[in-house]
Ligand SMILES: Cc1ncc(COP(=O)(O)O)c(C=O)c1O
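Starting off, we have a lone chain in the form predicted alone, written out as structure tokens.
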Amino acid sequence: MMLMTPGPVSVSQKILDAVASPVIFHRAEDFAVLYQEVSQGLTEQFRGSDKHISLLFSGSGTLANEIILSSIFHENDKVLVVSNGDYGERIAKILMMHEVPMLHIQLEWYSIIDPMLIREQLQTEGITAVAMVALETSTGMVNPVKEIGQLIGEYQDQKITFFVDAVSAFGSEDIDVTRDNISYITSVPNKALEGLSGISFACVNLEDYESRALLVKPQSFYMDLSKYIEFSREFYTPTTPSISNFLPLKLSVELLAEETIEQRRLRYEKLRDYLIQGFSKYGFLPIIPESKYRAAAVVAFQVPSEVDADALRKYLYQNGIVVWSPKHYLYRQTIRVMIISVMGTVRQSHIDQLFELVQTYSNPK
């Protein structure tokens, strides 16, 4: 079965073999060594400095987001959330549940985020933080994190905290926490890092954290960021982690460092463009028309009116290819969507197989 979904993704045999390694004790020295290697490797790939530390959590990207969002913001904040898809809106929902004051600019899905819109709010609304998604998985749209981060850097006297959900972006898009003034960034292994699900992580700017730590009362025992930071100083976790996923994660980080993010992005872009070109013959066109806003590895296609999207998805699944045809779209009444990813072990031969199946489905003998 080949997963052409935006996570989880199909992984290499090397990663699968690493899962079979002996289980180690999470309070022993060998685990501390493993944790340190993974943490430092992630920080390097985030382009962090000695001000940054990467923390590991046992759970999905949403868990990592909620740990950060609930642990660093408080009742005296005013967080500017700008969203143009499902996962940006999820950030706002988490903040709302934790009663953090915010200003939510909720754009239509597939809308381009204009950094000047952020500038206007920073100048007039008393904003203390900005929160957004780097790559909106629900649409395949890349958002201007670099431009907004550099804009935030112009307001250093306001000490704006910048939170970025890079769950789908890390490993393929241009992410640099130092250059882009990112205070907190989250991601997972089971997307462009080409690893396994079950772990999430965050890269934290310790200077920003220390300026906020005493202002926030913990809202949860398990999701208390301060505990993760405290235990990470000795390279441990506060509770029992998903131990069997640590060695595969270490290998995923090493493989990314070996290939480099830039080369992985180029690999994805070639596959993405091949997919778009070939799929257009069957009437499947990318919903995002401008290539500069399309993710390197995730494409949202508009399904032709004559095609039953769900029936096609089931047919592909029965023949060994898994794609995502989401049902939670705001545009579900007018636009039917199929999201296809080229992350993981997807190769051109798999895309050719996809084309053949679509051809057979469209013209059965």
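Residues carry their position along the shown sequence, with the first being 1. In this text, all values refer to a predicted model and were calculated from it rather than measured experimentally.
Beyond the structure shown, there is the form predicted together with the named molecule, which is absent from this document and is the topic of what follows.
Across the options 202-210, 274-282, 250-258, 160-168, residues that bring heavy atoms within 4.5 Å of the named molecule in the predicted complex belong to 160-168. In the predicted complex, T137 approaches the named molecule with a heavy atom inside 4.5 Å.
Although the partner is absent here, S70 lies well away from the named molecule in the predicted complex, with no heavy atom inside 4.5 Å.
At the 4.5 Å threshold, heavy atoms of S60 reach the named molecule in the predicted complex. Contact between V133 and the named molecule in the predicted complex is found at the 4.5 Å heavy atom cutoff. Checking F246, Y110, Y87, Y268 for any heavy atom within 4.5 Å of the named molecule in the predicted complex turns up a single hit: Y87. For the options S54, S325, N65, Q45, the residue carrying a heavy atom within 4.5 angstroms of the named molecule in the predicted complex is N65. The partner is not shown here, but in the predicted complex the stretch 183-203 reaches within 4.5 angstroms of the named molecule through a heavy atom at V188, K191.
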